[in-house]
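One chain is shown next in C-alpha cells, namely the form predicted alone.
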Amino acid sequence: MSEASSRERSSVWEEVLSHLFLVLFVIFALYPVLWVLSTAFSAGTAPERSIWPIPREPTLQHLIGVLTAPSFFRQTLNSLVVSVATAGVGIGIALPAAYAMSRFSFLGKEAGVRVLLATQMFPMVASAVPLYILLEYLGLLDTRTGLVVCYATTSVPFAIFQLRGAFDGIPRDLEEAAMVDGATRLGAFVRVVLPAARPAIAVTGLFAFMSAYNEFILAATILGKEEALTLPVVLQRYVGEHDAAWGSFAAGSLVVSLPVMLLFYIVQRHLVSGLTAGGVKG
C-alpha cells in the first residue's frame, strides 16, 4: 500500500469520526426538544415512561386546547408588543449613547462604562419591589407600557455596552472620508456607521427581544389582569402546586417558541452581510 493511499484512508476515517461526533452532539442537544414534541402530541397529561420520544397515541387535543384558550391571542399579542417595544427602546436609546462613548471623550466616560457593567451584575428580580412601587405611583401597573419600562432598565445598558464595542471596531477613517466628501457627522453616522454596524444591531435587538419575551418574574409581579398577561405567565399556570398539565404545557411551549424561531431566521441573514456596507467610496 502506497503512502498516498494510506494518508487518503486515514483522512477518510478522520472525516467519518468527526461527522459521527457531530451527529451524536446534535442528538444530545435535540433529545429534550423531541420529548417536548412527544409530550405535546401524546394523549394524557403526563409524559410516557419510555426512552424513545415517540407519542404512542398521537393527538392534537393539547395544541387545540392551548390555541382555543380564552384570551390566548390577546396574550400572544401582549408578549410580541412588549418584546418588540423593549428591543426598539433599547436600540433607539443605545445607538446615540454607544456612538458617543465610542467616538468622543467627555467627563465621566470611563465611570459610565463601569456603571453599565455594574448594572449587568444584578438580577432583574432584585429590582422587582422598587419597580413595582414606581409603577404604582405612575399608574402603570397592569399595563404593557409599565412592563416595557421595567425591561428597558436592563435592555438599554446591555445594548449600549454591546454597540459601543461594535462602534469601536469600525474604522474612523470611513467617517472621515464621508465628511471630507461633504457629509455631516450625523450623515456619516447614518450612512456609514449604521450600515457597518448592522450585524451588531441585529444581534443586540434579538437578545433584547428574547430577554423580554422569555421573562417571567417581573411580568408575574406587575401584571394581574388576565387580558394583560404575557405568554410565560400563562404557561406557568399549567403547572400547579399538586398537579401539572404537561401535555398542554408542552404544546404551549411549542407555540411560544415559534415567534422567536421566526425572528431568528429573519435576523440571521443579516448577521454576516452588511459588515462593511456603506464603507466603499465610489
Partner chain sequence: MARVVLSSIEKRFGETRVLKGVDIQVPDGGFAVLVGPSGCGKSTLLRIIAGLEETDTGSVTFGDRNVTDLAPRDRDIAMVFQSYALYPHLTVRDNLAFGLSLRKTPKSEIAERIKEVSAMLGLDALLERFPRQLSGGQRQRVAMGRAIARRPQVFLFDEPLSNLDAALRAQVRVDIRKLHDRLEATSIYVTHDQVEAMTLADVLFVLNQGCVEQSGPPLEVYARPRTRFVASFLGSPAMNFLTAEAEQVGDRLKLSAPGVDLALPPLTQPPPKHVVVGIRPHDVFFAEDGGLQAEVDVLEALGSESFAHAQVGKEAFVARLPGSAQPARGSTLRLSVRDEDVHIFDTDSGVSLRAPEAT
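Positions refer to the first chain, counted from 1. Since this is a predicted model, take the numbers as computed values, not measurements.
In what follows, reference is made to the form predicted together with the partner chain, a form of this protein that is not presented.
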Q.
Residue-level question: is residue 192 within 4.5 Å of the partner chain in the model of the complex, judged on heavy atoms?
A. yes
Q) Using heavy atoms and a 4.5 Å limit, would one call residue 80 a contact residue for the partner chain in the model of the complex? A) no
Q: Please check if residue 169 has a heavy atom lying within 4.5 Å of any heavy atom of the partner chain in the model of the complex.
A: no
Q) Is residue 178 close enough to the partner chain in the model of the complex to count, meaning some heavy atom within 4.5 Å? A) yes
Q. Which residues from 159-174 come close to the partner chain in the model of the complex, meaning a heavy atom within 4.5 Å?
A. 173, 174
